[in-house]
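First, one chain by itself: the form predicted on its own, in structure tokens.
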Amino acid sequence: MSDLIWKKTGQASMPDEAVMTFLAGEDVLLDRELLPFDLEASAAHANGLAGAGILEPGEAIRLAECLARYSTEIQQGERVLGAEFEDGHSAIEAWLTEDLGELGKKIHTGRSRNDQVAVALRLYMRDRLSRLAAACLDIATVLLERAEREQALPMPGYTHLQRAMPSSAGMWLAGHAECFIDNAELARLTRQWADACPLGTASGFGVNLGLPRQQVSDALGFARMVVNPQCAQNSRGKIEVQAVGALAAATLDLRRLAWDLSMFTMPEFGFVVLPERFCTGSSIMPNKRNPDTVELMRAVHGRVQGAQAELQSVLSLPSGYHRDLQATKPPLLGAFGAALPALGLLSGLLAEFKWDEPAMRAALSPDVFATDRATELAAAGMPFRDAYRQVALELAAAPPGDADKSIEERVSPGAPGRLELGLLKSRVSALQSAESSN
């Protein structure tokens, strides 16, 4: 492993290869995802060094041009962070030194890898939380569009996995939509809370340079700075826990929705037919059409929960920086890497699945309307508990022919069906406007 930026001149001994491999861990692989953000922050830092008089303006421009080129080359697959580097920070300094000589060695003036990784992670989380909010709004929009079209399509509502009361496809769709609107709002609020720049705090004690921290923070688009250098280190991991928590709120609802779809495709329900492109077959049973996509969507929340537990376990630390914090990167990147693609697929699946209306209507057996009947009697003046018991007797004595009555004959005027979709659409529009203004 070359380009160890902490190696001293004349240092007598170094950790051997096995120790260095252990210390580096997954950092090179993980930093490939963080590198675009590290390059962006490095360019802002170079301009900050020029503002502090450490670099000439022309030097900052040359550094920024190289950093922009590296970013383009990485995006196009022409430059890869290789295993010869300890991490992405070392690679950036090595590349700049190779291209610019002595000027490249100046890039690390006034910063530590501690604030360098902290700012890259905050930029990463800001980006991923924006993607999370957008995905949740896309899901909610599709659900609300279908809810408006299908609000009168009847189906049973369930408690304890037993038929309970009359409901509608629109109510089921809009119920999930409102949850994803909440998730979008939580992602946005979490992003705002995390939107603070730690760059310039170095290893947690600041530096004796007049770095223009506010200028650098503004250049990176942060809403504010992390003011205290110690806080910049103490917040490592804490911010990640909250970001993954916002993600978990969305994947929890993803899991519940996927469970519903999975059950509704069972012949025992028969309410839903999934699009072919979201299903697979069995390698041995020719009759099978498996809802693999929704099943793997269910599994995503387990990955996110695991990341939450892993992050919390690492953070049993005193104040300041500790190398343990390196272990917060894998669960953070792994959680977002698993969840965002799943959430991205969900809106397409929701737009394309089909309802089986005859099966849904057939499931509305007379007992589903018992609560409506009791409520009607109570509204006419009968004490509700008496009405409750009378309806139970009516159901027990009902002849089989009652099962053939039309739904319209059995549904009470006040049954679910009129949905407050306008209120939910307003929330989506407000959040979309707020997102577009960022």
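Throughout, we count residues from 1 along the sequence that is shown. These numbers come from a predicted model, not from an experiment.
The form predicted together with arginine (ARG) exists for this protein as well; it is not shown, and the discussion that follows is about that form.
- None of A177, V117, L261, L332 but one reaches within 4.5 angstroms of arginine (ARG) in the predicted complex through a heavy atom, and that residue is V117.
- Contact annotation: of the candidates R236, R122, R128, H301, the single residue with a non-hydrogen atom within 4.5 angstroms of arginine (ARG) in the predicted complex is R236.
- Interface membership of S71, defined by any non-hydrogen atom within 4.5 Å of arginine (ARG) in the predicted complex, is ruled out.
- Using a 4.5 Å cutoff between non-hydrogen atoms, Q308 does not count as a contact of arginine (ARG) in the predicted complex.
- Among residues of the shown chain, Q242 is not one whose heavy atoms approach arginine (ARG) to within 4.5 Å in the predicted complex.
- Within this chain, H89 lines the site of arginine (ARG) in the predicted complex, having a heavy atom no more than 4.5 Å away.
- Stretch-level contact check against arginine (ARG) in the predicted complex with heavy atoms at 4.5 Å: of 268 to 276, 309 to 317, 356 to 364, 109 to 117, the positive one is 109 to 117.
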